[in-house]
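Before any questions on how it binds or moves, here is one chain, the form predicted alone, in structure tokens.
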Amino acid sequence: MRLVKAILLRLLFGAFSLVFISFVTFVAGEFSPGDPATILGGEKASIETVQQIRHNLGLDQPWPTRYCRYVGHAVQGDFGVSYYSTHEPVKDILKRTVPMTVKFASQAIVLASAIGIFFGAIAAVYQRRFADSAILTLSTLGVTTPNFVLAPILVYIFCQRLDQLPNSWATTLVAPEFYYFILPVTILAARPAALITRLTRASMIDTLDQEFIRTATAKGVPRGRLLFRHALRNAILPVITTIGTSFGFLLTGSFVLERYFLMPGLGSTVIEAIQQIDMPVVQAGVLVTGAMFIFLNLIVDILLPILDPRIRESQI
């Protein structure tokens, strides 16, 4: 029962967080330059036309009233229409772009988790040896090298010099989709892989020093079973929390790379909307990203008690 109450409490806090995010983005839209009615009407629209558009959009009403109406529509999945192009409904833009961003971030976190846990465990097992030093050096480079520096380097090597991978997304794919994801996913996964490696190493070293590991060693438990079934299983819990939060950050961290590789995802769409001051798209993109981040953290909070009986017993 206490576990259910804890989950409901987190859902409540998540709802408050979404309200706060929606309020901040709405206020930012209020203070952003440009008039939506003028944008929708076009440069040659008459004053009467602009005023009519403002009335139809409710822009002539006080901003608290418009904010409450915006939240009410957003709860129903209605985020308005884009100010540009064909004035496409924002919900249709989200349906088209969100799957690409989720697929991109999902592949990156799977790759980062596999690399981080594997090399972190190796570094812990061979602590203070060459393998440990080499892994720590590479993980330090992964943490300190930003995506916008790593991206052009890898594009130059694998796209221009070796000519093995595409350097941008194509409207009509001429190769399997997998090839278009290799470079972006690798670049996006670099930093979280380095963080997970260092955390796994530290957690694994701490676990290997525990009394139950020494007891299992004295009883003659095979080394492979000792490391992976006993040590890694207990060391993985803080890593799972990091993986969950990293996945949330990757959803927004993918924005720059989506723009760089011309990927038709939510990130590149939001960046383009920011440049065009297309606030309905910006507000919806920020709100959806925040909702996904909150949902992922809730999943982590649910998984930890399932994986660790000690946490479950403390909550029940």
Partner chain sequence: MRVGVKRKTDFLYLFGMGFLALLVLLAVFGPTVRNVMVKPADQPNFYSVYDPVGVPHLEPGGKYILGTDEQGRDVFSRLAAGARVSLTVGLIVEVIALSVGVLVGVLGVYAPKWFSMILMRFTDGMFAFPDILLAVLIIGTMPPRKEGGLIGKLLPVIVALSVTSWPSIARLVKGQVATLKDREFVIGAKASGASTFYLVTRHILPQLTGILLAVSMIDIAGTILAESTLSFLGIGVQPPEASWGSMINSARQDMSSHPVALVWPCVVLSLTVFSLNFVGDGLRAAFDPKGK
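Superpose the two forms; the largest set of C-alphas matching within 1.5 Å is the rigid core. All values reported here derive from a predicted model rather than from experimental measurement. Positions refer to the first chain, counted from 1.
Although it is not shown, the form predicted in complex with the partner chain is what the next lines describe.
Proximity to the partner chain in the predicted complex, defined as a heavy atom within 4.5 Å, holds among N234, T145, T186, T242 only for T145. The closest non-hydrogen atom of L59 lies beyond 4.5 Å of the partner chain in the predicted complex.
When the partner chain is considered in the predicted complex, M263 lies well away from it, no heavy atom lying within 4.5 Å.
Looking at V125, you'd find every heavy atom of it more than 4.5 angstroms from the partner chain in the predicted complex. Residue contact with the partner chain in the predicted complex: P238 places no heavy atom within 4.5 Å of it. Remark: none of the three candidate residues (M100, F119 and I299) comes within 4.5 Å of the partner chain in the predicted complex, counting heavy atoms only. Look at 109-117, 87-95, 156-164, 199-207: in the predicted complex, residues with non-hydrogen atoms within 4.5 angstroms of the partner chain sit in 156-164. Heavy atoms closer than or equal to 4.5 Å to the partner chain in the predicted complex belong, across 256-271, to the residues V256, R259, Y260, V270, I271, ordered by sequence position. Taking the rigid core as fixed, one finds a CA shift for N297 smaller than 2 Å between the shown form and the other one.
Once the rigid core is used as the reference frame, the Cα position of V27 differs between the shown form and the other one by 2 Å or more.
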